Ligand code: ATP
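Read the single chain below, which is given as structure tokens and is the form predicted alone.
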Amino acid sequence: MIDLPQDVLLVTGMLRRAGFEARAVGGCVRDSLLGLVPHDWDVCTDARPESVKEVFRDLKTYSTGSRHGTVGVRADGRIIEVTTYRTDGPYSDNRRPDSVTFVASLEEDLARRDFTINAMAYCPEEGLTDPFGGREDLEAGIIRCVGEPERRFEEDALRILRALRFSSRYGFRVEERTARAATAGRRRLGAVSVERVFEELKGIITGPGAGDILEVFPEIISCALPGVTPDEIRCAAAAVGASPGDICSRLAMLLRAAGAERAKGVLERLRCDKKTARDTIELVEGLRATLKPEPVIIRKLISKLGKERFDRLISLREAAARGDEDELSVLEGIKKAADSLYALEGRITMKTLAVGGDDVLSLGAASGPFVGRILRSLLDGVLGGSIPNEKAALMRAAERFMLEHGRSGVLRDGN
């Protein structure tokens, strides 16, 4: 039913030959049943950590989480995490158990896990172990907590966002009681590190089901996105779902109503990396700017953003304008004008301008970078349609540029 990779078979086989139980467990089983390729493979066993290290004494092992029963085993170049069956003690920080107790029962170990679709184990010898109906929930497209959802979310508040991330990623529905408990416990997210919250949030809003999640759970997302109201999230839901799936596009669409300054504050509180924050704010500004299908304006925007980011901005504007025929008509005009500029740009470059550096110098311009600035301005004018690519017209434009900037590029007094 599930084809285990050779390195996983090596690990489980060595444990079983040593007299222990060993099964693949958790997300790798879930994804395999969905027909997906797992990113990581985890193994569970009744062997204690010290026994695991002894079984694999001839291989490299790592104490990646021995306090919680996990030993990393390097097999065929990849690290497989092997975890002892356990039950968890109290979660005083709403994130990790204060202590764990090792147990001999696989079912006890699976009972501590977050969702039924993650509480399955598999080995070729015994097949699928699924005491909580995870396979049935997979087939039905349901996210359901193992046991009492209130307790699961009290133990680890981050599970609230994990439920929404799985729902967004797979297009699954969050089961009713699980959904109620997640909404009721949302304020516990304040006790979770913002880095972990942001990682889960990114998974939620870049998933195929992001629009539905934002529409149904805006109160939870608002707790994860400080400074953005549930109403703003709900209003942005459809546009987020219709926008390109990269993180900057989705964040920009979600923060569009907040404006650039408030969006900047939100991203700072989330400790967003500088590049993602910068690109997102740039898109927020572009989403709120007034655009017209005029070649000069479009050319300047393309010069500022570059073709790829300009095209992404127009795609976002189209997603935001769904149902607004006037705005969509303007955007269609902008795309046609941009296409014309792209085609023209392929034919007209600095080398094909009707004037060159010597022509500009003959007007008395100081040699050096200033000549390049003049030629760049002339090229922008030609590409924008304001100057014909003819020597006389370009020389006149160069003279005007020098009148405004001086013959060395230094602005005249009063300018």
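Start at 1 and count along the sequence shown; that's the residue number. Owing to the predicted nature of the structure, the values given are computational and were not obtained by experimental measurement.
Just so it is clear, the following notes concern the form predicted together with this ligand, a form of the same protein that is not shown.
This ligand is not shown here, and in the predicted bound form it never comes within 4.5 Å of any heavy atom of Gly357. This ligand is not shown here, but in the predicted bound form it comes within 4.5 Å of a heavy atom of Asp42.
Interface membership of Asp156, defined by any non-hydrogen atom within 4.5 Å of this ligand in the predicted bound form, is confirmed.
The closest non-hydrogen atom of Tyr85 lies beyond 4.5 Å of this ligand in the predicted bound form.
When you look in the predicted bound form, the only residue of Arg162, Arg299, Arg144, Arg312 with a non-hydrogen atom within 4.5 Å of this ligand is Arg162. Comment: this ligand is not present in this chain, but in the predicted bound form one of Ser168, Thr178, Ser249, Asn118 has a heavy atom within 4.5 Å of it, namely Asn118. Residues placing heavy atoms within 4.5 Å of this ligand in the predicted bound form fall in a single listed stretch, namely 34-42, out of 362-370, 385-393, 34-42, 53-61. The partner is not shown here, but in the predicted bound form the stretch 103-122 reaches within 4.5 angstroms of this ligand through a heavy atom at Arg112, Arg113, Asp114, Asn118.
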